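Here we start with a single chain on its own, the form predicted alone, put down as C-alpha cells.
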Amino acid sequence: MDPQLTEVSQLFERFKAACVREDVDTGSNLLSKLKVMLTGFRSLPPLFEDTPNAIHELTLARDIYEHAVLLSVKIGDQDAFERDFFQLKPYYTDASGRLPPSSQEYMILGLNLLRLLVQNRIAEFHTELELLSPTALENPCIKHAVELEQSFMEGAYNRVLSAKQTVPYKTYDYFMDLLAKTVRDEIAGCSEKAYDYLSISDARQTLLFSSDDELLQYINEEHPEWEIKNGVVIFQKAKESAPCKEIPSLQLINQTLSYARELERIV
C-alpha cells in the first residue's frame, strides 16, 4: 500500500477512536490534519485522476468527511456541518458510479435537510430534494425530513414537536431540538401580535410545553421582555418596546397622483 495512504488510514483510526470516547478537541485536531493530508490525493474531487489507488483513496476520503459531518453535529457547529457536507457531497454525486454505496449516505442527507429546515432555508430544502433519486425519496431518513417540512408549512406544530419521538437516528436529536425552538419562536411571535396577554395555562398550551416550569424557563431565557403577573403572561410590554415606523401617507398620495397625471399625458 502507498505510504501516504497508510499514514492517512492510521490517522483516521485515531480520529475515530477520539470520536468514540468523545474527545472533541483531539478529534478536531486530527480532522484538520486529515483534511490537509487528503489534498495530496489527486484522485479526489475536483481532479478525479485515475490513480492506482483511486478507489481506496475515494472511499477513505468519503469516510473521513462523513465522520466530520457527524462530529460537527456532536459539537453543535452548524457552520462546520455545512462546510463538511459540501466537501462530502461530490462523493455522493460525482463519484457515486465508482464507489459502493455508503451506509451513512441517507442519514447524512436527511441531517442536511433538517439543517436547512431549522435555518428556514426552504428554497434550498426543495432544491436538495429535487436532486435526490426516487429511491432516496423513499428512504425513512428523507421521508422524515419531508414530513416535517410539510407539517411546518401547514402550521401543524404539534406534529413537528412530536416527530422527535420517531427520529430514524439519535443523531437527529440535535436538529430536532433546534427545530422545536424555531417552532416555539414562531408561535411566540404570532402570540405577541395576536394577544395582549394570556393566562399561564393558555400560554403553556399555545407554546406546546408540558409544564409551567418549562414555559417560565423559556420566557426567562428567550423573552425577558414579557411580564408575568398574577398568573398572566403580558405581551403588551413587548409591543410597546417594538419600534414603529411612521408611514408617510401624504407623500405617498402626492406621488400616486403625480404618476396618474403622467399616465394621462402619455395616453
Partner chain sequence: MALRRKLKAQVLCAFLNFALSPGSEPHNRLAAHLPKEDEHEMEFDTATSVSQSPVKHPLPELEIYCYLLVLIYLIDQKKYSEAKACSSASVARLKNLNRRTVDVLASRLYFYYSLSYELTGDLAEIRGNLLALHRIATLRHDELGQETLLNLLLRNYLHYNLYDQAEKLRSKAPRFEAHSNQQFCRYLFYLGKIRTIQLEYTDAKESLLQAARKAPVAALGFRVQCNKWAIIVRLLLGEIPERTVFMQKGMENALRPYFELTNAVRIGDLELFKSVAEKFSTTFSSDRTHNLIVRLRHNVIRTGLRNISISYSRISLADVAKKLRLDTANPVADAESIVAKAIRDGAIDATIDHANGWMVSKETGDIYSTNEPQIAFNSRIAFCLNMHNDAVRALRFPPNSHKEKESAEKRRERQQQEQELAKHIAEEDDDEF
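Computed from a prediction, not measured in an experiment: that's the story for all the values here. Residue numbers count along the first chain shown, from 1. Between two forms, the rigid core is the largest collection of C-alphas that superpose within 1.5 Å.
Heads up, the form predicted together with the partner chain isn't pictured, but that's what we're talking about next.
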Mind telling me which stretch in 153-161, 172-180, 111-119, 70-78 gets its heavy atoms within 4.5 Å of the partner chain in the model of the complex? 153-161
Of the residues Ile219, Leu198, Leu60, Ile228, which one places a heavy atom within 4.5 Å of the partner chain in the model of the complex? Leu198
If you check Ser103, Thr127, Thr135, Thr166 against the partner chain in the model of the complex, which one has a heavy atom within 4.5 Å? Thr127
Verify the contact flag for Leu252: yes if a non-hydrogen atom of it lies within 4.5 Å of a non-hydrogen atom of the partner chain in the model of the complex, no if not. yes
So, Glu262 and the partner chain: in the model of the complex, are they within 4.5 Å at any heavy atom pair? yes
Applying a 4.5 angstroms cut-off on non-hydrogen atoms, the residues of 9-35 near the partner chain in the model of the complex are none
Taking 2 Å as the cut-off, check whether the CA of Gln255 shifts that much or more between this form and the one not shown after a rigid core fit. yes
Compare the position of the CA of His56 between this form and the one not shown after a rigid core fit and state whether the shift reaches 2 Å. no
Core superposition between this form and the one not shown, C-alpha change of His223 at least 2 Å: yes
Given a change of 3 Å or more, say if the Cα atoms of Gln78 and His223 sit closer or farther in the model of the complex than in this form. farther
